[in-house]
Every structure is written in structure tokens, then in C-alpha cells.
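Consider the single chain below, provided in C-alpha cells and representing the form predicted on its own.
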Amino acid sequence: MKRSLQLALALLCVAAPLLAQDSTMKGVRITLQYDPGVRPGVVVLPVSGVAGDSIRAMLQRDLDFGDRVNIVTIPDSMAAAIRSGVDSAGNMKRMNYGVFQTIGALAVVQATNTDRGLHVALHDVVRKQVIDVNEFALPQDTASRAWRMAVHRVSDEVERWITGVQGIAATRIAYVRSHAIHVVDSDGAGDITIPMVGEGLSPAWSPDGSALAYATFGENSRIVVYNLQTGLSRAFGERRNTNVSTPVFSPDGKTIVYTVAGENGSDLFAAPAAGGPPQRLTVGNGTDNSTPSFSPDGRRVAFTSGRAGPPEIYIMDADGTNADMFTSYAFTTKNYRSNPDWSPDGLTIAYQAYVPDQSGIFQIVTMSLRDRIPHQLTSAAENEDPSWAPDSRHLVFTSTRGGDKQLWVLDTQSGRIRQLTHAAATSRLAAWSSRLTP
């Protein structure tokens, strides 16, 4: 049996001709077919040329973190067979699809460095043919953040080819560490600190990912908008010497809603993102109203309010009218539900909540706007401040499950969880960007 497998591996390079080198095939899309609910097995072949190992590692990691496919590892014996079938440029000439079927792969991703960028072909193992192929431009500097983001975009497109759903690798997460605003890639790499005006809290992304709004605290608390493309910061709003926090952009980017706290509680205000007088949205009358989150269509805002007693999640129209309690108040339990984040598909709100048997400890909960049935997603340690990924499937949040507070990413469908940050200082208050385009 072992000898038969070795013979099959040796024949790896004598079957169907490889079509990835044909640049005229751009736009071919036949669609990979597999049973619903099944995560198809995917092999990412070794990549030759400049930064080939890094490209392959990123493609594998990005597809794995998307939680829609299974990355299939190539056995050492098969790797040897692959190497024996490459040409002088390091490109495979022919492929034996049957060999990949023996290790449970339904698709094979082949990336090839060219003078113009990265040529990528997706092979359907069952059909024994290339079902999609395209060429992607990559920056020259392989050490730059732009190069990493370009590779992430390749991963997202390949995931779309395989599953029909675009990946979330080409995104970034803003968060707070030691009162500074950090930005990190979705895979945890490329962490940077943005230039600060004061000590920062509560970062929020503009819809196109080009800017961040954050709050400073201290004697001169204010909202600051930082442009990631120009590196310039500007103060937002006219208020000074007040406690402002939790800014959030409207989906069209034209408005910022934020919290203003004073001696008589806190309230939400809205003002043009380009500058202008604010409009008051809530009247707390001694209670706290804070942590706004827009619906994807921009017509409604979810927020935290203590107007009925303990903090609960409310939903109001974007102009502040028609406020209605979203979470259900219960006199028999200790209620505290706060920090809502509206999913990009508009169907679900995630928030943090005390749980009856863990008084004083937050857990992550989601609730559908259709049935309003809460679903507790976490239970280990303390978990708070959820923020949705663009796919409305993954959440980033702060957790103490590893000891101190760090950022973790949860796949809400499978329950799979991974640690995003590993800093010595605590990491918290994360905000997930939209998909970042060139």
C-alpha cells in the first residue's frame, strides 16, 4: 500500500496540464462545488520566487482564519514529488489531481511570482481543471505594510472563489494599549501606534477605513480624527473641558455621534464629520446614555442607557426619536448590558452583559433583531467590548482568559477562538475596520 502511494506521488507531474501560466484566463469562474455545511479541504502549493514562503504562509493563515475552509497539509512525500515536477523557474508543469484527492483536498491554490505581480490559479480537484485565475499587483517592498495588505486582498479573493464569500483578511483592528491607539492587521501582524493628541480611548473607523476617530481624556477631553493616509490629526467638535467619549461614524461617513458626560449624567450628540454645530440626541436627566452604534443603513442607533434603572441596550432613530429598549429588563437578575455593536448585515447586535451566576463579570452576548433571543457566546474568564468583522460572523473582543486583558477573535458559527494580541500591556476597546481597498 505504501509503495502504491509513493508511485501515485511520483506520477504527480504527468496528468492534466497546468493552466495557471495562461494569463488570458483572467475572469474564469466555474465555482467550486461542495455540500452545504462542509468546509472544503484546500491545499496551498509552495510559492517560488521573492518572498514565496511568506506569501504561502499568509495565504494559508488567512484562509484558515476565515473559518470557511480546512487547510490541508502536504505530506513530505508529496512535497518531494511536487519539487520533482517543477521547471527551471520553479513553476509546476503538470498536476495529478487524484493525488490531492487522497489527502482530502477539493481545491488547490497555486500562486506564482511574475514580473507584474502574483499570478494565482484555483484548481478544482474533482473536475480536474482550473476554475479561476487572475493576476494581482504587489508592491515592490515586501517588508511594507502595503505589501502585506495586498497579499491579504489576494487571500480574500481566493476565499471568494472557493466559498462565494469574500474573506476578511484585508482588514485592520484599532484598539487601545497603555492609553495609545494601536492598529494591527487582522492576523495580528503589522502592529503600529498612531501619532497621538493626548491619551486615547474608544477608537472608531470611518466607513472607508481611511480615518480613525478617538476620544482623549484629561482636562482637555475632546474627539480627534486621525487620517491614516495623510498622517494628520484634527480636533472634532466645539466642546472643551467636558468629558467626551465613544465616537462613531455614520455609515455614509458624514456624521459622528459621540458621548458627552457632565454632572447630570451623559448624553449622545451628533455633529457633521467635516465640522459644525452638534445636535443633541438624548436627554438623560441624570442618567447615562453612551456607546452608540449605527445600523448599516444609518437610520437607527443602538446605545447604552440607564433611563429605566440598570444599563440596557436601546435603539432609537438616528435623529434621537423613537427610543425603544432592545434588551429585556428583568427584576429577578442583576442587569447590566452595554457597549452594543450592530452587525454589518444589520441582523444582529453584539454586546457585553453580566450573567446571573458570574456577578460583576461581563460576557459576550448576541441578539437577533428578529427574535430578540439572547445567545451567550463566552463563559471563560471576563469578556467585553465586542466589535464585528465585515462578514458579520467574526467578533473581536477583550478577554482575560489568557491572564491579562488581550484581544481575541471569535468565529460565532463554530465557536473557534484565537488570540490576536500578545503584548505585555493590556489591550482593549477594539474596533474592526471595513474591508480595506487600494
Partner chain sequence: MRATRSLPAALVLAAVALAACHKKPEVAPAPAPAPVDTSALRAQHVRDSLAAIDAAKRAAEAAEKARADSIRAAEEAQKTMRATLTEMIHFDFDQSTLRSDAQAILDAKVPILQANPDVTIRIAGNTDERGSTEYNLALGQRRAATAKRYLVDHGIADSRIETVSYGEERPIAQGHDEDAWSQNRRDEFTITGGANGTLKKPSM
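Residue numbers count along the first chain shown, from 1. As the structure is a computational prediction, the values presented were derived from the model and not from experiment.
Quick note: we don't show the form predicted together with the partner chain, though the next part is all about it.
- Comparing 69-77, 263-271, 148-156, 181-189 against the partner chain in the predicted bound form, the single stretch with non-hydrogen atoms within 4.5 angstroms of it is 263-271.
- Interface residue remark: residue 354 is counted as part of the site for the partner chain in the predicted bound form, having a heavy atom within 4.5 Å.
- The partner chain is not drawn, but in the predicted bound form it has no heavy atom within 4.5 Å of residue 281.
- A residue is said to contact a partner when one of its heavy atoms sits within 4.5 Å of a partner heavy atom; residue 385 meets this definition for the partner chain in the predicted bound form.
- Contact annotation for residue 288: at least one heavy atom lies within 4.5 Å of the partner chain in the predicted bound form.
- Heavy atoms of every residue among 311, 362 and 428 are located within 4.5 Å of the partner chain in the predicted bound form.
- Only one of the listed residues (277, 231, 164, 218) places a non-hydrogen atom within 4.5 angstroms of the partner chain in the predicted bound form, and that residue is 218.
- Of the residues 339, 112, 343, 171, just one reaches the partner chain in the predicted bound form with a heavy atom at 4.5 Å or closer; this is 339.
- Shown without its partner, the chain has 304, 305, 306, 311 in segment 300-318 as residues with a non-hydrogen atom within 4.5 angstroms of the partner chain in the predicted bound form.
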